[in-house]
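Take a look at this one chain, the form predicted on its own, written out in structure tokens.
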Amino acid sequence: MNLILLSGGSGKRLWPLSNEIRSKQFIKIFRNEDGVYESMLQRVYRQIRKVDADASVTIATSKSQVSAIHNQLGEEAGICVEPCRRDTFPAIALVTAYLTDVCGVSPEETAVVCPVDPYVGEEYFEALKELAKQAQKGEANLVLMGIEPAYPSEKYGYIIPEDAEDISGVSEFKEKPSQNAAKEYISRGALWNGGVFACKLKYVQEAAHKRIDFTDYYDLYKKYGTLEKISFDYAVVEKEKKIQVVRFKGQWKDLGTWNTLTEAMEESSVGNAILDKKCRNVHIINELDMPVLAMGMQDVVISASPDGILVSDKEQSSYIKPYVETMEQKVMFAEKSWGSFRVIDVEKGSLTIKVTLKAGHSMNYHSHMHRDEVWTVISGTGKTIVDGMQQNVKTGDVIAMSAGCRHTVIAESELKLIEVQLGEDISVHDKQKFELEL
């Protein structure tokens, strides 16, 4: 099975755990079979491998998410990188061109396209395999998965099938409706449109060539920034006449808000948190190194991270996005391919960061023109290279680097250090990368 996972999102609806770099699929709040916390991305990837160990999985994502994907899934994860965000039609056109032109997949093969972050059981991935088989038959150009609605929701588009069979033609599509309209659609047998479909790769390629003037993947990549922002539903699905929908009756949740996310949590708190016995339907997710205490509260979510603290009625938490959009704040936590960093103090003229490098990984060899840096190793062992000079480092060692010098650190074991940046003009843009010759 060729599976394309769409990984997008701006990270505003689940603030303060999500931000411009860390979208909801990277938040670790679910326990796996070993009791270790995992993210929605890790959970979905693990489920895919359990159901189909030989599945070819490609994640279509933006540049800003590549490091987090490698951090959570490893370097072997298949990724097609969008140069910039251009909605789902350009993204799907790019990844299908990538599969055929770069990976050598035959255009006659079928691919299943779905979001990376649904909360589902393993039966969902079994259904994806059946979706691919149905598309391979060629009875329709597009085969959609229609999710049996659990309630009349205003958050989803609706697919109205021609009949009540498990596999049906599609009568019409409806955009996100009012609640009353949703009730009427459901009475007509309507299904939620979860953005899941299967088709042959050549079908997407033909649709892409009708709207975009390009020759191959490399040409499309160069032109990507000029493409129209349009969804695959608007550009292709709603115009297709030869189309089928397959009903899915299993577990499926879109955890796009704090309200829906906490509904799927198996425990009332993650992190250092205490709830008294009078709390009802209260969830706490705490990433800070300090306790959070909730007393006598009902229907509330509390979330604390280096980016901020949220205390909200669960129903009202769905309306968080406009408030987050007014905030101007640097990213305080991010996962990178080499590890992670967390900002722990910001002052005029200085910035203090806790950096964690995974064993065997390193930072880029780089320099800064407008700031000095000091590293203090707090655990682990590794090696620093400063202007070409190598030095073994261990817990307690201090390394000072003046502005302009080239430097990197390589972790032998997991390496944690405190980085203090000193200067009047501290900026993420003040960084020049170099090739490292050992």
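These figures come from a predicted structure and were not determined experimentally. Sequential numbering from 1, following the sequence displayed.
Separately, the form predicted together with another copy of the chain exists; it is not shown, and the next lines address it.
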query: Another copy of the chain contact in the predicted bound form: residue 395, any heavy atom under 4.5 Å; finding: yes
query: Close approach of residue 277 to another copy of the chain in the predicted bound form, 4.5 Å, heavy atom; finding: yes
query: Any non-hydrogen atom of residue 213 within 4.5 angstroms of another copy of the chain in the predicted bound form; finding: no
query: Contact test in the predicted bound form: residue 290 vs another copy of the chain, heavy atoms, 4.5 Å; finding: yes
query: Which of 94 to 102, 348 to 356, 242 to 250, 76 to 84 sits within 4.5 Å of another copy of the chain in the predicted bound form, heavy atom basis; finding: 348 to 356
query: Sole residue of 363, 186, 304, 235 within 4.5 Å of another copy of the chain in the predicted bound form, by heavy atom; finding: 304
query: Contact assignment for another copy of the chain in the predicted bound form, among 107, 296, 169, 225, heavy atom within 4.5 Å; finding: 296
query: Site check 3, 56 and 132: each within 4.5 Å of another copy of the chain in the predicted bound form by heavy atom; finding: no
query: Residues in 391 to 426 with any heavy atom within 4.5 Å of another copy of the chain in the predicted bound form; finding: 395, 396, 398, 416, 418, 420, 422
